[in-house]
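Next comes just one chain, in structure tokens: the form predicted alone.
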Amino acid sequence: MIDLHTHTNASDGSYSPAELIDRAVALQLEALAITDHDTFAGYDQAIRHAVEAGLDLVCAIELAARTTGTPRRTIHLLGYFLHTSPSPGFRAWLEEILTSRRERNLRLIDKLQSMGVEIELNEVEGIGRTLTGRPHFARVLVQKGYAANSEEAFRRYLGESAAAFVERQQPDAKMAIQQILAGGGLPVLAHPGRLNIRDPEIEEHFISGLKDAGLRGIEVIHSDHQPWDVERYHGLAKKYGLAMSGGSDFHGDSKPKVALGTGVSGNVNVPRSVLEKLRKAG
């Protein structure tokens, strides 16, 4: 069993890279991908420990991007670097994304302060470390008593329909796909079930459009996916010649119902053959 979608505290997970490796080894996972948002810091910290532990660690990343057209949609892309390290050019492009993220965070701080919330960016960055995002804001809001839990923090302040929401500048989806390819990676559509496209024909058309833009794979198995979702995305992968991926989307304490390797109530079971086929596709 393997897990090709996990996060460390270098982005929005709660486990350090070393702790995640130790947990994967304890569970006897054969391979693991660290897919932190917008950064390779977790992977870079984990690789030596993984080699020493005998764990096959895959270099990967998760990116948010926006599609053009109507309606515009936010998608998440997994970039798997299966045969080579990410190029210097790709890492430089990531730095531009991180700069955009910090600018959004400054605007978010201003908006929260205008609502009477006593919060400073250095407090949030002290939790977020390499990458600071809304989950870290939520933790500070809970600690300071402005929300009872993370869900309330998003509902009252941080969610897309909340009073303090500030949209982050996201790269165009086609550009993000092309950047992953140019950087030596394999671009995969993450958790397509979260697109919430209820019409199967519209969903298929959307995914085929991403294939035309250079998409090379689709995350068929995911903690959010029901058996019928897995069957549908498996069929689309075969129809459009897309490689199949799968993983739990493990975050640790911030998503306690999602277990490493097995997802929610055991609904994730990714065999090693999935990684072998991804490596052939890459």
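Because the structure is a prediction, the values reported are computed rather than measured. The numbering used is simple: start at 1 and walk along the sequence shown.
A second form of this protein, the form predicted in complex with a small molecule, is not displayed here; the remarks below concern that form.
Of the candidates P192, P135, P171, G183, P135 is the one whose heavy atoms come within 4.5 Å of the small molecule in the predicted complex; the others do not. For the options R104, K211, K111, R91, the one in contact with the small molecule in the predicted complex, meaning a heavy atom within 4.5 Å, is R104. Only one segment in the set 199-207, 172-180, 96-104, 113-121 has any non-hydrogen atom within 4.5 angstroms of the small molecule in the predicted complex, and it is 96-104.
When the small molecule is considered in the predicted complex, F154 lines it closely, a heavy atom lying within 4.5 Å. Proximity of R139 to the small molecule in the predicted complex: non-hydrogen atoms within 4.5 Å are absent; the residue sits far from the partner. Shown alone here, K255 lies within 4.5 Å of the small molecule in the predicted complex, counting heavy atoms only. Proximity of H37 to the small molecule in the predicted complex: non-hydrogen atoms within 4.5 Å are present.
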